[in-house]
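Quick heads-up: it's one chain on its own, the form predicted alone, in structure tokens.
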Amino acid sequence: MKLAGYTLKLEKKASFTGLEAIVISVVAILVALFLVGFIFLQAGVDPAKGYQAMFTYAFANPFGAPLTINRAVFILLSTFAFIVPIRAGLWNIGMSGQLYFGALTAFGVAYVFGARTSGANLSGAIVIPLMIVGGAIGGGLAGAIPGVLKGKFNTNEIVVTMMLNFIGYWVVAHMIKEGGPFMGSGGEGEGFKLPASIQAPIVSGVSVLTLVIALLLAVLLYVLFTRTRLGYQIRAFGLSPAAARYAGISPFQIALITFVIGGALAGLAGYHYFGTTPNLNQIPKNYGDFGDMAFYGIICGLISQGNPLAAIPLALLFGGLTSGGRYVQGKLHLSYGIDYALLGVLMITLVAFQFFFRYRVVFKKES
């Protein structure tokens, strides 16, 4: 394209620096906030005041900040569940189903120890770690299904994981319904509540146990991808499956390992939200809402370019927007769905700006 004596063209990038990624992401976020400002204006609200109320509640309010952090941990674990398979070129769209199975397995551990009927004096030092392991195992087993089918029969993993989301949803519905084994004492379609003795430690409204686990996992996954043989094989397979096969890397092993790890991480997300969130500690009637929130992990994973450390601030941002968006909806009397509109515009904008990770706009003066 020619413009005022200059030729404009696109050049494909061989790579990009961490600073470039940060700049592109920050610009995308600013553009998204600018666009959502028009929604505030249409509702008769000053965008500056709207954003001030939103971010103050999400990150500085004694009630909103813990909610933001707890949601950020959930989104971060869901992001990890997506990142591990995507680095191998495999799409895990089944975080919802995997976290449902993980939550069921975690609560199944508590159930076996008698938490539903007489769990007042259970040992948290024993049951809580077993619930964490149970959540990871349940999610990992759910992840193994698409892993085996992909590795053995080259089945479309997107279709399989989506189907397992529906299966997981209805299995949970069966378990917590009236007369179900996990039914709560009220019999109102909610799961039983964990007794105080096996509720995870909470500091200032934040589930510190799963927060620490999520941050440690970010470091471990970064080391996995950058410093280990398995990480090299995963990345090599993601870049070129044909070349990876020629080098002796097993497609079956890569598919199985990545989906099992991804499923285990999603299972931990299920335990975190249902088993450690203050004033919850049960599988509620609206458990499907949390399953839907897991899909934010896909966006965070794509924006972070599969980097688990870069996913941390993104998960915090999305956690803050979900909590702050819902708050300003009521505080400023906005129409229902402003939080979803904000997140939707933000996600679309961030995904659109992925273009600049791969191409640069070059102006050259005509000679």
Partner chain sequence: MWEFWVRSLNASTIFALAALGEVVGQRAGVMNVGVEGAMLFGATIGFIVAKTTGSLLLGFFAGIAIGAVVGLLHAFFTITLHGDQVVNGMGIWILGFGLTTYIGSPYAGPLGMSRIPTISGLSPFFIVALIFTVAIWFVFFKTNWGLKIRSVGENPTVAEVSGVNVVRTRYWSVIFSGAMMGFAGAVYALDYNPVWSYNMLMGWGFIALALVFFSMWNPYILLSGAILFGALWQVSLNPESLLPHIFSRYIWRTFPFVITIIILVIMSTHWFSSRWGAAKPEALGQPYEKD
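The term rigid core refers to the maximal set of C-alpha atoms that superpose within 1.5 Å between the two forms. Remember, it's a predicted structure, so these values are computed and weren't measured experimentally. Numbering follows the first chain given and starts at 1.
Below: the form predicted in complex with its partner chain, not depicted.
Colleague: Answer yes if any heavy atom of E188 is within 4.5 Å of a heavy atom of its partner chain in the predicted bound form; otherwise answer no.
Modeller: Output for E188 is no: heavy atoms all beyond 4.5 Å of its partner chain.
Colleague: I'd like to check something about Y246: if you look in the predicted bound form, is any of its heavy atoms closer than or equal to 4.5 Å to a heavy atom of its partner chain?
Modeller: Close contact is absent here: in the predicted bound form, Y246 is far from its partner chain, nothing within 4.5 Å, heavy atoms only.
Colleague: I'd like to know whether K193 contacts its partner chain in the predicted bound form, with contact meaning heavy atoms within 4.5 angstroms.
Modeller: Contact with its partner chain, no.
Colleague: Hey, in the predicted bound form, does N156 get a heavy atom within 4.5 angstroms of its partner chain?
Modeller: Result yes; N156 sits at the interface with its partner chain in the predicted bound form.
Colleague: So which stretch, 210-218, 125-133, 171-179, 259-267, is the one near its partner chain in the predicted bound form (non-hydrogen atoms, 4.5 Å)?
Modeller: Looking at the other structure, the answer is 171-179.
Colleague: Identify which of M183, I202, L141, L149 has a heavy atom within 4.5 Å of its partner chain in the predicted bound form; exactly one of them does.
Modeller: Selected option: L149.
Colleague: Just one of I312, A53, V31, I39 has a heavy atom within 4.5 angstroms of its partner chain in the predicted bound form, so which one?
Modeller: Exactly one residue meets the criterion: I39.
Colleague: For the stretch 282-298, I need every residue with any heavy atom inside 4.5 Å of its partner chain in the predicted bound form, listed N to C.
Modeller: Read in sequence order, the residues that approach its partner chain (within 4.5 Å, in the predicted bound form) are D289, D292, F295, I298.
Colleague: Using a rigid core alignment, state whether the CA of L316 is displaced by 2 Å or more between this form and the one not shown.
Modeller: Comparing forms between this form and the one not shown, the L316 CA shifts below 2 Å.
Colleague: Take the rigid core as the frame of reference and indicate whether the C-alpha of F63 shifts by 2 Å or more between this form and the one not shown.
Modeller: No, the C-alpha position differs by under 2 Å between this form and the one not shown.
Colleague: Answer yes if the Cα of I298 shifts by 2 angstroms or more between this form and the one not shown on a rigid-core superposition, and no otherwise.
Modeller: No, the C-alpha moves less than 2 Å.
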